[in-house]
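The chain below stands alone and is given in C-alpha coordinates; this is the form predicted on its own.
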Amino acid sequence: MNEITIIGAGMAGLMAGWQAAKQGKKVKIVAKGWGATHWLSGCIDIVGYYPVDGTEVVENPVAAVKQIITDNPQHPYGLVGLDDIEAMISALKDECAAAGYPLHGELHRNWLLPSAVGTLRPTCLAPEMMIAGDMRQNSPLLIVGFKQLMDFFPNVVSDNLNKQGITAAQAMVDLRVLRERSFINPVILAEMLEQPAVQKELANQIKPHLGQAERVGFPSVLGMDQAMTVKKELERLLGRPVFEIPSLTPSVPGMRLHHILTQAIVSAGGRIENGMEAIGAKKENGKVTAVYTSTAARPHPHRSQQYILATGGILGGGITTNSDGDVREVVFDLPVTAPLKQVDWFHQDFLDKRGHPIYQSGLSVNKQFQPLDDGGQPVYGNVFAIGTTLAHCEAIRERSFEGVALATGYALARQLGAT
(Lines give C-alpha, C1' and ligand atoms only; values in the text may rest on other atoms or scores of the structure.)
Protein backbone atom coordinates (compact mmCIF):
# COMPACT_ATOMS: atom_id res chain seq x y z
CA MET A 1 0.00 0.00 0.00
CA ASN A 2 1.24 3.48 -0.89
CA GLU A 3 2.20 5.33 2.30
CA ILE A 4 1.91 9.12 2.68
CA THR A 5 3.22 11.21 5.55
CA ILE A 6 1.64 14.65 5.89
CA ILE A 7 3.43 17.28 7.96
CA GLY A 8 0.91 19.71 9.42
CA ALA A 9 -2.65 19.39 10.73
CA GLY A 10 -4.18 22.63 9.51
CA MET A 11 -6.95 22.72 6.94
CA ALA A 12 -4.67 21.80 4.04
CA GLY A 13 -3.15 18.80 5.80
CA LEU A 14 -6.48 17.55 7.11
CA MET A 15 -8.18 17.83 3.72
CA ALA A 16 -5.31 16.05 1.96
CA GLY A 17 -5.25 13.35 4.63
CA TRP A 18 -9.00 12.79 4.47
CA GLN A 19 -9.16 12.57 0.69
CA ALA A 20 -6.03 10.41 0.37
CA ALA A 21 -7.27 7.98 3.04
CA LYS A 22 -10.64 7.76 1.27
CA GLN A 23 -8.77 6.66 -1.85
CA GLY A 24 -7.09 3.79 -0.05
CA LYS A 25 -3.74 5.41 0.75
CA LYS A 26 -2.04 4.67 4.05
CA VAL A 27 -2.00 8.13 5.61
CA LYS A 28 -0.20 9.45 8.67
CA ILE A 29 -0.38 13.10 9.73
CA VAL A 30 2.29 14.42 12.09
CA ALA A 31 1.97 17.87 13.64
CA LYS A 32 3.40 19.89 16.50
CA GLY A 33 -0.11 21.22 17.21
CA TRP A 34 -3.47 21.93 15.64
CA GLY A 35 -3.64 24.43 12.82
CA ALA A 36 -5.65 27.49 11.87
CA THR A 37 -9.02 25.88 12.54
CA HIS A 38 -8.66 26.88 16.17
CA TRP A 39 -8.27 30.60 15.46
CA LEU A 40 -10.20 31.24 12.26
CA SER A 41 -13.93 31.88 11.91
CA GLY A 42 -15.12 28.37 11.04
CA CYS A 43 -16.35 29.69 7.67
CA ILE A 44 -14.78 28.91 4.30
CA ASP A 45 -13.46 31.98 2.50
CA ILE A 46 -12.79 31.40 -1.20
CA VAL A 47 -12.13 35.01 -2.16
CA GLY A 48 -13.52 38.08 -0.45
CA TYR A 49 -11.54 40.93 -1.98
CA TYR A 50 -10.02 41.10 -5.44
CA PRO A 51 -8.03 43.06 -6.44
CA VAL A 52 -6.61 42.90 -2.94
CA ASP A 53 -6.10 46.66 -2.68
CA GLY A 54 -9.75 47.31 -3.53
CA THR A 55 -12.50 48.15 -1.05
CA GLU A 56 -15.45 46.43 -2.72
CA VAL A 57 -16.31 42.94 -1.51
CA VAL A 58 -16.49 40.12 -4.01
CA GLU A 59 -20.12 39.27 -4.77
CA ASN A 60 -19.41 36.30 -7.03
CA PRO A 61 -16.38 34.16 -6.08
CA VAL A 62 -16.51 32.28 -9.40
CA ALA A 63 -15.85 35.43 -11.39
CA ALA A 64 -13.11 36.51 -8.99
CA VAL A 65 -11.36 33.11 -9.08
CA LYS A 66 -11.41 33.15 -12.88
CA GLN A 67 -9.86 36.63 -12.84
CA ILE A 68 -7.20 35.56 -10.34
CA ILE A 69 -6.22 32.62 -12.56
CA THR A 70 -6.05 34.89 -15.61
CA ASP A 71 -3.99 37.53 -13.83
CA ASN A 72 -1.71 35.13 -11.96
CA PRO A 73 -1.53 31.54 -13.29
CA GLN A 74 0.97 30.68 -10.54
CA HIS A 75 -1.59 31.47 -7.83
CA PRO A 76 -2.65 28.28 -5.98
CA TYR A 77 -6.08 28.59 -7.60
CA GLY A 78 -4.32 28.55 -10.96
CA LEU A 79 -2.70 25.23 -10.03
CA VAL A 80 -5.97 23.77 -8.75
CA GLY A 81 -8.49 25.00 -11.31
CA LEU A 82 -12.14 25.88 -10.84
CA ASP A 83 -13.41 22.30 -11.22
CA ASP A 84 -11.44 21.03 -8.22
CA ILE A 85 -12.49 24.04 -6.12
CA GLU A 86 -16.12 23.19 -6.83
CA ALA A 87 -15.51 19.49 -6.12
CA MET A 88 -13.82 20.35 -2.81
CA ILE A 89 -16.78 22.48 -1.75
CA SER A 90 -19.21 19.70 -2.62
CA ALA A 91 -17.21 17.08 -0.70
CA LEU A 92 -16.89 19.29 2.38
CA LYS A 93 -20.56 20.21 2.42
CA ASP A 94 -21.54 16.54 2.12
CA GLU A 95 -19.29 15.53 5.01
CA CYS A 96 -20.49 18.33 7.29
CA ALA A 97 -24.13 17.57 6.49
CA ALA A 98 -23.56 13.91 7.33
CA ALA A 99 -22.02 14.99 10.65
CA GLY A 100 -25.10 17.05 11.51
CA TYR A 101 -23.34 20.40 11.13
CA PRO A 102 -24.38 21.75 7.72
CA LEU A 103 -22.38 24.31 5.75
CA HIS A 104 -24.41 26.54 3.44
CA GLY A 105 -23.39 28.56 0.40
CA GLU A 106 -22.40 28.28 -3.23
CA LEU A 107 -19.36 29.29 -5.23
CA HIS A 108 -21.31 31.89 -7.20
CA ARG A 109 -22.34 33.97 -4.16
CA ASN A 110 -20.72 35.21 -0.95
CA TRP A 111 -22.52 35.63 2.34
CA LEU A 112 -22.01 38.97 4.12
CA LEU A 113 -21.70 38.24 7.84
CA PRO A 114 -20.94 40.47 10.83
CA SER A 115 -17.63 40.29 12.64
CA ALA A 116 -17.03 40.68 16.38
CA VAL A 117 -16.50 44.43 15.89
CA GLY A 118 -19.52 44.97 13.66
CA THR A 119 -17.77 45.13 10.31
CA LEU A 120 -19.10 43.04 7.43
CA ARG A 121 -17.08 40.18 6.01
CA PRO A 122 -17.69 38.18 2.83
CA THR A 123 -17.43 34.40 2.97
CA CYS A 124 -18.45 31.59 0.63
CA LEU A 125 -19.52 28.80 3.00
CA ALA A 126 -20.91 29.40 6.46
CA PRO A 127 -22.24 27.00 9.09
CA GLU A 128 -26.00 26.93 9.51
CA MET A 129 -25.24 28.40 12.94
CA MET A 130 -24.34 31.73 11.25
CA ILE A 131 -26.43 32.25 8.14
CA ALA A 132 -29.37 34.03 9.82
CA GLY A 133 -26.84 36.82 10.36
CA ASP A 134 -26.48 37.51 6.64
CA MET A 135 -26.44 41.30 6.40
CA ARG A 136 -27.93 41.30 2.92
CA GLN A 137 -31.20 40.81 4.81
CA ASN A 138 -32.63 44.11 5.98
CA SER A 139 -34.27 43.06 9.24
CA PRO A 140 -33.52 44.43 12.73
CA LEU A 141 -31.47 42.34 15.12
CA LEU A 142 -30.44 42.06 18.74
CA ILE A 143 -26.81 41.37 19.64
CA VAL A 144 -26.33 39.48 22.92
CA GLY A 145 -23.18 39.33 25.01
CA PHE A 146 -22.25 37.58 28.25
CA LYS A 147 -20.97 39.66 31.17
CA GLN A 148 -18.32 37.06 32.05
CA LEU A 149 -17.09 36.62 28.44
CA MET A 150 -14.60 39.46 28.19
CA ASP A 151 -13.73 39.11 24.49
CA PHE A 152 -17.11 40.02 22.97
CA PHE A 153 -18.76 43.42 23.35
CA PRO A 154 -22.32 43.59 21.96
CA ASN A 155 -22.41 47.39 22.13
CA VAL A 156 -19.43 47.63 19.79
CA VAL A 157 -21.09 45.29 17.30
CA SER A 158 -24.46 47.04 17.41
CA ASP A 159 -23.00 50.56 17.27
CA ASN A 160 -20.96 49.78 14.17
CA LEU A 161 -23.85 47.99 12.47
CA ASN A 162 -26.12 50.98 13.12
CA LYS A 163 -23.53 53.31 11.58
CA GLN A 164 -23.81 51.20 8.42
CA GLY A 165 -27.59 51.53 8.31
CA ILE A 166 -28.36 48.15 9.90
CA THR A 167 -30.82 48.37 12.79
CA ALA A 168 -29.25 46.63 15.78
CA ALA A 169 -29.89 46.69 19.52
CA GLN A 170 -27.72 45.09 22.19
CA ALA A 171 -28.12 43.28 25.50
CA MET A 172 -25.67 41.97 28.09
CA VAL A 173 -26.77 38.92 30.09
CA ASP A 174 -25.49 37.84 33.48
CA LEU A 175 -26.17 34.13 33.94
CA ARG A 176 -26.20 32.83 37.47
CA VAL A 177 -24.17 29.74 36.56
CA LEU A 178 -21.38 31.91 35.14
CA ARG A 179 -21.08 33.99 38.31
CA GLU A 180 -19.87 30.86 40.07
CA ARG A 181 -16.90 30.49 37.71
CA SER A 182 -13.53 32.19 38.18
CA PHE A 183 -12.63 31.75 34.51
CA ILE A 184 -14.69 31.63 31.30
CA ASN A 185 -13.56 31.24 27.71
CA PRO A 186 -15.58 30.39 24.56
CA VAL A 187 -15.02 26.63 24.87
CA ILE A 188 -16.14 26.48 28.51
CA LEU A 189 -19.19 28.62 27.76
CA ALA A 190 -20.11 26.55 24.70
CA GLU A 191 -20.09 23.38 26.80
CA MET A 192 -22.17 24.99 29.54
CA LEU A 193 -24.79 26.22 27.06
CA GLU A 194 -25.55 22.62 26.13
CA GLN A 195 -27.38 22.34 29.47
CA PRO A 196 -31.18 22.85 29.05
CA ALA A 197 -31.44 24.80 32.32
CA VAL A 198 -28.79 27.27 31.15
CA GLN A 199 -30.53 27.69 27.80
CA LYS A 200 -33.81 28.47 29.56
CA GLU A 201 -32.20 31.05 31.86
CA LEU A 202 -30.48 32.64 28.88
CA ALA A 203 -33.72 32.93 26.93
CA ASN A 204 -35.55 34.40 29.94
CA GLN A 205 -32.92 37.12 30.32
CA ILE A 206 -33.04 37.97 26.61
CA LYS A 207 -36.82 38.20 26.17
CA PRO A 208 -37.26 41.64 27.80
CA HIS A 209 -34.72 43.05 25.31
CA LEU A 210 -36.17 41.62 22.10
CA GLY A 211 -38.25 44.67 21.13
CA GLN A 212 -38.50 44.89 17.36
CA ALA A 213 -35.62 42.50 16.73
CA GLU A 214 -36.43 39.81 14.18
CA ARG A 215 -33.25 37.80 14.77
CA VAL A 216 -30.77 37.41 17.61
CA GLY A 217 -26.98 37.26 17.34
CA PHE A 218 -24.59 35.67 19.86
CA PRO A 219 -20.83 35.18 20.07
CA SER A 220 -19.92 31.79 18.63
CA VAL A 221 -20.48 29.80 21.82
CA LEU A 222 -23.81 28.04 21.23
CA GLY A 223 -22.64 24.54 22.01
CA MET A 224 -19.65 22.42 21.12
CA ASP A 225 -20.85 18.91 20.23
CA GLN A 226 -24.56 19.77 20.17
CA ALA A 227 -24.49 23.15 18.45
CA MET A 228 -27.47 22.61 16.16
CA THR A 229 -29.56 21.33 19.07
CA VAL A 230 -28.71 24.43 21.14
CA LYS A 231 -29.54 26.72 18.21
CA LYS A 232 -32.93 25.13 17.57
CA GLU A 233 -33.88 25.19 21.26
CA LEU A 234 -32.99 28.88 21.61
CA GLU A 235 -35.00 29.63 18.49
CA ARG A 236 -37.96 27.83 20.02
CA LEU A 237 -37.64 29.69 23.31
CA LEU A 238 -37.14 33.11 21.70
CA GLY A 239 -39.47 32.70 18.73
CA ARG A 240 -36.84 34.13 16.38
CA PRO A 241 -33.91 32.90 14.27
CA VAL A 242 -30.59 33.01 16.11
CA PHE A 243 -27.07 33.15 14.73
CA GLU A 244 -23.47 33.15 15.86
CA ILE A 245 -20.85 35.81 15.25
CA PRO A 246 -17.22 34.59 15.11
CA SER A 247 -15.33 35.93 18.12
CA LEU A 248 -11.81 35.74 19.48
CA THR A 249 -9.85 32.54 19.95
CA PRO A 250 -10.22 29.74 20.71
CA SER A 251 -12.63 29.46 17.78
CA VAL A 252 -15.52 27.18 18.69
CA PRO A 253 -16.84 26.98 15.09
CA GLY A 254 -13.34 26.22 13.87
CA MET A 255 -12.98 23.47 16.44
CA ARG A 256 -16.29 21.95 15.35
CA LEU A 257 -15.05 21.85 11.75
CA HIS A 258 -11.69 20.45 12.89
CA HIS A 259 -13.46 17.64 14.73
CA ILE A 260 -15.45 16.72 11.62
CA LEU A 261 -12.31 16.54 9.47
CA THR A 262 -10.27 14.56 12.00
CA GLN A 263 -13.10 12.08 12.48
CA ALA A 264 -13.39 11.69 8.71
CA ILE A 265 -9.67 10.87 8.50
CA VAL A 266 -9.82 8.29 11.27
CA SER A 267 -12.98 6.74 9.81
CA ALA A 268 -11.20 6.39 6.46
CA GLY A 269 -8.27 4.59 8.11
CA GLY A 270 -5.83 7.48 8.51
CA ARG A 271 -3.75 8.34 11.60
CA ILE A 272 -3.07 11.68 13.25
CA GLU A 273 -0.10 12.07 15.61
CA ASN A 274 -0.25 15.42 17.37
CA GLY A 275 2.54 16.89 19.50
CA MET A 276 5.26 15.79 17.07
CA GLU A 277 7.28 18.67 15.64
CA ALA A 278 9.03 17.95 12.34
CA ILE A 279 12.60 19.22 12.52
CA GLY A 280 14.36 17.79 9.48
CA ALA A 281 14.58 15.12 6.84
CA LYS A 282 16.90 12.50 5.37
CA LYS A 283 17.50 12.77 1.63
CA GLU A 284 19.03 10.28 -0.80
CA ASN A 285 19.28 10.31 -4.59
CA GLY A 286 16.83 13.13 -5.16
CA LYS A 287 14.20 11.77 -2.77
CA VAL A 288 13.32 12.11 0.89
CA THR A 289 13.58 8.81 2.77
CA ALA A 290 12.55 9.98 6.24
CA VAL A 291 11.16 12.95 8.12
CA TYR A 292 12.38 13.42 11.68
CA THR A 293 10.28 14.67 14.58
CA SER A 294 11.63 15.90 17.88
CA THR A 295 11.49 13.67 20.98
CA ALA A 296 12.99 13.84 24.45
CA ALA A 297 15.74 11.35 23.55
CA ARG A 298 16.56 11.49 19.83
CA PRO A 299 14.88 12.47 16.55
CA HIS A 300 12.24 9.95 15.52
CA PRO A 301 12.09 8.95 11.83
CA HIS A 302 8.85 8.69 9.82
CA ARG A 303 9.34 6.76 6.58
CA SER A 304 6.94 6.59 3.66
CA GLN A 305 6.85 6.76 -0.12
CA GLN A 306 5.53 10.32 -0.33
CA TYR A 307 5.61 13.41 1.87
CA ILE A 308 3.21 16.33 1.87
CA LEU A 309 4.30 19.61 3.45
CA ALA A 310 1.34 21.50 4.95
CA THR A 311 3.02 23.53 7.69
CA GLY A 312 1.78 26.96 6.64
CA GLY A 313 3.75 30.02 5.65
CA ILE A 314 5.20 32.80 7.77
CA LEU A 315 2.09 33.02 9.95
CA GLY A 316 1.86 29.26 10.40
CA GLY A 317 5.49 28.73 11.34
CA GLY A 318 6.32 26.60 8.30
CA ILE A 319 8.60 29.37 7.06
CA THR A 320 10.81 31.27 9.47
CA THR A 321 13.13 34.26 9.33
CA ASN A 322 16.05 35.45 11.42
CA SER A 323 17.84 38.69 12.17
CA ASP A 324 20.38 38.03 9.41
CA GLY A 325 17.64 38.24 6.79
CA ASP A 326 17.41 34.53 6.03
CA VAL A 327 14.00 33.13 5.06
CA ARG A 328 13.85 29.36 5.55
CA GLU A 329 11.42 26.47 5.14
CA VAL A 330 11.84 24.53 8.36
CA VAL A 331 11.49 20.82 7.49
CA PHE A 332 13.14 20.15 4.10
CA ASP A 333 15.06 23.43 3.76
CA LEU A 334 13.31 24.06 0.45
CA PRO A 335 13.97 27.23 -1.58
CA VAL A 336 11.64 30.05 -0.53
CA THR A 337 10.40 32.79 -2.83
CA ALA A 338 10.92 35.92 -0.74
CA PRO A 339 12.39 39.45 -0.95
CA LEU A 340 16.14 39.19 -1.33
CA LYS A 341 16.91 42.05 1.08
CA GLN A 342 15.64 42.32 4.63
CA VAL A 343 14.93 46.00 4.12
CA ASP A 344 12.34 45.02 1.53
CA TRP A 345 10.30 42.80 3.87
CA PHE A 346 8.04 45.62 5.05
CA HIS A 347 6.69 48.90 3.80
CA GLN A 348 7.09 51.89 6.08
CA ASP A 349 3.38 52.18 6.93
CA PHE A 350 2.17 49.32 9.16
CA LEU A 351 -1.30 49.49 7.54
CA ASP A 352 -0.01 49.98 3.99
CA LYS A 353 -2.78 49.00 1.55
CA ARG A 354 -0.25 47.06 -0.52
CA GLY A 355 0.40 44.66 2.36
CA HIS A 356 3.96 43.65 3.25
CA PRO A 357 6.13 41.64 0.84
CA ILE A 358 7.36 39.20 3.48
CA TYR A 359 3.85 37.80 3.88
CA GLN A 360 3.85 36.85 0.21
CA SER A 361 6.81 34.53 0.82
CA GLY A 362 6.33 30.88 0.08
CA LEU A 363 7.28 27.88 -2.01
CA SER A 364 7.01 27.88 -5.78
CA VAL A 365 5.57 24.59 -7.03
CA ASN A 366 4.61 23.02 -10.35
CA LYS A 367 1.19 21.69 -11.37
CA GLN A 368 1.93 18.52 -9.40
CA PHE A 369 2.57 20.63 -6.26
CA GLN A 370 6.25 19.68 -6.19
CA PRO A 371 8.49 22.44 -4.76
CA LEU A 372 10.89 23.81 -7.37
CA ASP A 373 14.52 24.85 -7.24
CA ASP A 374 15.91 28.05 -8.73
CA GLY A 375 16.05 26.36 -12.12
CA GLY A 376 12.37 25.45 -12.09
CA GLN A 377 12.93 21.72 -11.45
CA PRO A 378 11.42 19.63 -8.62
CA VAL A 379 13.75 19.58 -5.62
CA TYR A 380 12.66 16.08 -4.56
CA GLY A 381 10.69 13.56 -6.54
CA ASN A 382 8.43 12.54 -3.65
CA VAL A 383 7.80 15.81 -1.77
CA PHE A 384 4.73 17.98 -2.30
CA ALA A 385 3.58 21.27 -0.74
CA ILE A 386 0.07 22.64 -0.23
CA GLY A 387 -1.84 25.35 1.57
CA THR A 388 -0.58 28.73 2.66
CA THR A 389 3.04 27.59 2.50
CA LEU A 390 2.73 28.27 -1.24
CA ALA A 391 3.95 31.46 -2.88
CA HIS A 392 2.20 33.78 -5.35
CA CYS A 393 -0.87 34.57 -3.27
CA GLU A 394 -1.93 36.82 -0.40
CA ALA A 395 -4.43 34.60 1.35
CA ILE A 396 -5.14 36.96 4.24
CA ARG A 397 -5.75 40.07 2.13
CA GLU A 398 -7.67 38.13 -0.52
CA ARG A 399 -9.79 36.43 2.16
CA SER A 400 -8.86 33.15 0.48
CA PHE A 401 -7.10 31.44 3.40
CA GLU A 402 -9.43 28.46 3.84
CA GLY A 403 -10.07 28.16 0.11
CA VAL A 404 -6.37 27.95 -0.76
CA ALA A 405 -5.72 25.44 2.03
CA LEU A 406 -8.68 23.15 1.30
CA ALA A 407 -8.54 23.35 -2.50
CA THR A 408 -4.82 22.56 -2.76
CA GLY A 409 -5.15 19.71 -0.25
CA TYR A 410 -8.08 18.27 -2.21
CA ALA A 411 -6.41 18.66 -5.62
CA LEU A 412 -3.13 17.03 -4.54
CA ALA A 413 -4.92 14.08 -2.92
CA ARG A 414 -6.91 13.59 -6.12
CA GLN A 415 -3.65 13.58 -8.13
CA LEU A 416 -1.96 11.11 -5.81
CA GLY A 417 -5.03 8.90 -5.86
CA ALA A 418 -4.67 8.55 -9.60
CA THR A 419 -1.12 7.19 -9.28
Partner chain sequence: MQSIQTEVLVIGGGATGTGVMRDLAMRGFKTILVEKRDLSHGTTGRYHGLLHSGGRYAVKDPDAARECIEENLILRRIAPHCIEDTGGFFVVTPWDDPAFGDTFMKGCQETGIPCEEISIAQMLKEEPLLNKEMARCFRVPDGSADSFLTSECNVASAKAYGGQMLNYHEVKRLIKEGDKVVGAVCYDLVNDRDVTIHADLVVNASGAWAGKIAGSIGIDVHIIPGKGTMVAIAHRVLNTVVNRCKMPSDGDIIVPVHTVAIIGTTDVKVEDPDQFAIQPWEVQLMLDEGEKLVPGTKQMRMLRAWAGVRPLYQETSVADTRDVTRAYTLLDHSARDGVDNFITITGGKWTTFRQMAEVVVDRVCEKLNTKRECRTHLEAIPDIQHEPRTAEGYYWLGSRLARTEKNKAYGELACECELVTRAEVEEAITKHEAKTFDDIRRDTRLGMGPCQGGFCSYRATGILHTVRQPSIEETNVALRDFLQERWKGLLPILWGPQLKQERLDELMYLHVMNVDHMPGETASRLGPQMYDKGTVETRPQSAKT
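Numbering follows the first chain given and starts at 1. Because the structure is predicted, anything quoted here is derived from the model rather than measured.
Missing here is the form predicted in complex with the partner chain; even so, the following discussion is about that form.
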Quiz item: Would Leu315 count as a contact of the partner chain in the model of the complex, using a 4.5 angstroms cut-off between non-hydrogen atoms?
Solution: yes
Quiz item: Do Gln205 and the partner chain come within 4.5 Å of each other in the model of the complex, heavy atoms counted?
Solution: no
Quiz item: Is there a heavy atom of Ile358 no more than 4.5 Å from a heavy atom of the partner chain in the model of the complex?
Solution: yes
Exercise. Answer yes if any heavy atom of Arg399 is within 4.5 Å of a heavy atom of the partner chain in the model of the complex; otherwise answer no.
Key: yes
Practice problem: Please name which of the stretches 265-273, 85-93, 142-150, 124-132 has residues with heavy atoms lying within 4.5 Å of the partner chain in the model of the complex. | Solution: 142-150
Self-check item: in the model of the complex, the residue from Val156, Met224, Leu107, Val177 that sits within 4.5 Å of the partner chain by heavy atoms
Solution: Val156
Quiz prompt | Candidate from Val187, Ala116, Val330, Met228 lying within 4.5 Å of the partner chain in the model of the complex - any heavy atom | solution = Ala116
Exercise. Give a yes or no on whether each residue among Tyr49, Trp345 and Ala395 has a heavy atom within 4.5 Å of the partner chain in the model of the complex.
Key: yes
Exercise. Residue by residue through 319-352, tell me which have a non-hydrogen atom within 4.5 angstroms of the partner chain in the model of the complex.
Key: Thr321, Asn322, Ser323, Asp324, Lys341, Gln342, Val343, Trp345, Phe346, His347, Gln348, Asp349, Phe350, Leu351
